[in-house]
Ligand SMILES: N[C@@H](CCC(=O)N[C@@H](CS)C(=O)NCC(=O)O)C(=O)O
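Listed next as structure tokens is one chain, alone, in the form predicted alone.
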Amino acid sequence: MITLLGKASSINVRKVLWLCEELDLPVAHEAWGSGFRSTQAPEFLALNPNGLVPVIRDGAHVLWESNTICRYLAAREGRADLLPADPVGRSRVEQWMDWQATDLNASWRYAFMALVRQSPAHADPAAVADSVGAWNRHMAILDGQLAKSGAYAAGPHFTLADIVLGLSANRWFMTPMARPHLAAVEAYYERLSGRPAFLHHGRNGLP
């Protein structure tokens, strides 16, 4: 059985929980992080020296970085529908996964820390406004891709890219800020909401 270390409220842990439900893969979940066991404890740092969640243990194999964990589990279970075996199909999925982890995440970080976490270190109104603007611009890029594909991030079928981007969309909708009307993103969010695993782990349990 896979062991997953990380608190269930973490956006990156929720990626793995959502995927495990899609895979019908049993997982032993241990809560680590703020409010639970410290990720700075020596036994956790021995698994991930970055002190971040999630981490999985699969027998002797230990792995961190949420998008990499998702790729590993999909490949482990032979789910070519989620992560194609052919190089072109796989590259389309991984392109959007990597974009989520880099460009998109970088755009929202300051605004999220200020508006949701109310971090005193993120209280500069100009920086918040810049971050909100960048976040909305990046979500417009996703909107354009979804309008082109007509369904999902990497094409007409649900893939791993939609697990990581679905959680990003949830964060965008749940953050108290001004946002543009993005019809394709809104339709995408409702399409994902037809999946029970997204309701459990991606949409905060909300119908």
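Just count from 1 along the sequence shown to find any residue number. Values in this document were obtained by computation on a predicted structure and should not be read as measured data.
The same protein also exists as the form predicted in complex with the named molecule; that form is not shown, yet it is the one meant from here on.
**OP:** May I ask you to check whether Gly51 falls inside a 4.5 Å heavy atom distance of the named molecule in the predicted complex?
**Re:** Yes.
Original post:
Counting only non-hydrogen atoms and a 4.5 angstroms cut-off, does Asn170 reach the named molecule in the predicted complex?
Top reply: Asn170 lies outside the contact set for the named molecule.
Subject >> Lys7 within 4.5 Å of the named molecule in the predicted complex, heavy atoms >> reply: Lys7: yes, in contact with the named molecule in the predicted complex.
Original post:
Is the gap between Thr159 and the named molecule in the predicted complex 4.5 Å or less for some heavy atom pair?
Top reply: It does not: once the named molecule is placed as it appears in the predicted complex, Thr159 has no heavy atom within 4.5 Å of it.
Original post:
Where does the named molecule sit in the predicted complex: which of 22 to 30, 136 to 144, 60 to 68, 175 to 183, heavy atoms within 4.5 Å?
Top reply: Of the options, only 60 to 68 has residues within 4.5 Å of the partner.
**OP:** Pull the contact list for 74 to 103: residues with a heavy atom within 4.5 Å of the named molecule in the predicted complex, in sequence order.
**Re:** Sequence-ordered list is empty.
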